[in-house]
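First, one chain by itself: the form predicted alone, in structure tokens.
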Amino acid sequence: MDIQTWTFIIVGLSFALYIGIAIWSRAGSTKEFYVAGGGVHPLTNGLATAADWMSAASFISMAGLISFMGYDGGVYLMGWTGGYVLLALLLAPYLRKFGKFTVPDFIGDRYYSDIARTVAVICAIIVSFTYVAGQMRGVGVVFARFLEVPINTGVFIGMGLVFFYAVLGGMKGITYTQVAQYCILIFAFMVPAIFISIQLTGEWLPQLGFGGKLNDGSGVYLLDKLDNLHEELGFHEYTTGSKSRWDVGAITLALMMGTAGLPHVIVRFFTVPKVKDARISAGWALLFIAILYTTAPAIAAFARTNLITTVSEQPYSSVPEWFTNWEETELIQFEDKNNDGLIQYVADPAVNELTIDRDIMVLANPEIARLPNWVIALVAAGGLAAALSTAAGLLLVISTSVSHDLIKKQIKPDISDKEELMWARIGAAVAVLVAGYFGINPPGFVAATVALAFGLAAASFFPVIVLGIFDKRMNKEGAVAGMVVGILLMLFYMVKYKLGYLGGGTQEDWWFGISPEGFGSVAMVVNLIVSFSIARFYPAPPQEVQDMVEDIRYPRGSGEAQSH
């Protein structure tokens, strides 16, 4: 069977599974819609958290970034992994003990202020929409190639599917759908990695193949071969970095703090019955995430080696079928500048004739390696599972922020459970439409867009959550001022240097030499300084709030959590 038939079968079966789960787990109350009833098993929550956190950026784009950036791409690996560990150890158990539905709910109660709650809602919506734009873009890329439709049409198809199971099932539906999505995405990621590792190095484990010798009898290590190929074509050596250490450190820090402040990941720890279960599920999620994250560098190296040896200096008239298929999506573009009919893929932009979108590397990798068609279709299903699982989690954050934190907590406190559930579903529906718009008009490729969302989360949420748990003296004035200054500063930098508005600017104009992807760390530090400074000009929080903070941190009784 051809690739498209296999894609229809495998993707169709996976979609049928998601829809079946959504109908089976339809939410009947706000508690089921917001936190899946609060009784999710730690292992189930670990699987769902891994799927929620590993987005299109992790599945589709991260290996592509490492493949093109080499050593420099490792910042995404370090930042996202370190951030998850930080979240699991530093924040998740305490937040679960607090027993709230959402991050804005925690901030509103901890800082005894509806203004703080409203600012947190606005921050959550900005972060979530920036993040979800990357996911919808990833969905569009997958559909564009494998269903042979325009990227925008692919985005519309993804919107329809997410709308169905996020609006119908809420967190309950999303939890069990994400369990299925994790199984599909990790299987789809590992199968081609194992195939290609055996093909290139003879090692069945990709992690061993990454550091192994080539299987061609030359005795040359894979990474040495890749370094030589890069140098011959004028690229920077694959295993050394070209970014400044200052920028690498800033991006890593922003990704770490952003991960620890992501509202859609934090809310997953509210779905388990006890604080102890939050810790256990964080451990399970880390294990499941590590499987993909330790494989991604190997996939990146395999894809880069195969790509260069397949297309460089080859006649355009005899390019393989995968090349022309991706050309139709405009994610690969060839311009024969010297009219010699050969593909010149080199670092010099004036001479280079080949432009490749980084987001296609994982998806195209099995085709480049000439793996069976069913493996290629499986990767498409995995990419869709990764993008849709995270998109659903983000949409739930947006809908919950509107229905629970704005309408229930502030505008209409006497609203019935049924009406609140209706508003949650309306909020999810509107969020799907807005997410679709940003998916069609994204501010960059998938991982770059997502990196900006992490910067926004680091600039706004990380300080206010950490101080809310560990600093009894932090009051509402300091928290609100810090959030406002942090997110406005990050938005300004993003709009000016990433989107090119407000006069724009080049790399030479970056503040302290830090890229927009890393500026979240600077904005986070400014947030902390502003929060501490402002807090000292106003009275300490009420005694009951200080007692509550003390109780959250106190280990005795940590097996119990407040009910939602």
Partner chain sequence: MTMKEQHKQYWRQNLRYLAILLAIWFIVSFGFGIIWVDELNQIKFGGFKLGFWFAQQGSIYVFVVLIFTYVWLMNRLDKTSDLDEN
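These figures come from a predicted structure and were not determined experimentally. Positions refer to the first chain, counted from 1.
Missing here is the form predicted together with the partner chain; even so, the following discussion is about that form.
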Among Val265, Val167, Met256, Leu406, which has any heavy atom within 4.5 Å of the partner chain in the predicted complex?
Met256
So the partner chain isn't shown here. In the predicted complex, which residue out of Phe470, Phe187, Tyr437, Phe492 has a non-hydrogen atom within 4.5 Å of it?
Phe470
Determine which one of 420-428, 111-119, 77-85, 125-133 lies within 4.5 Å of the partner chain in the predicted complex, judging by heavy atom distances; exactly one does.
77-85
Is Gly283 close enough to the partner chain in the predicted complex to count, meaning some heavy atom within 4.5 Å?
yes
Given that the partner is absent here, does Thr294 sit within 4.5 Å of the partner chain in the predicted complex, heavy atoms only?
yes
In the predicted complex, does Gly249 come within 4.5 Å of the partner chain, counting heavy atoms only?
yes
Would Gly70 sit within 4.5 Å of the partner chain in the predicted complex, counting heavy atoms only?
yes
Since the partner is left out here, which residues of 220-242 would have a heavy atom within 4.5 Å of the partner chain in the predicted complex?
Tyr221, Leu223, Asp224, Asp227, Glu237, Tyr238, Thr239, Thr240
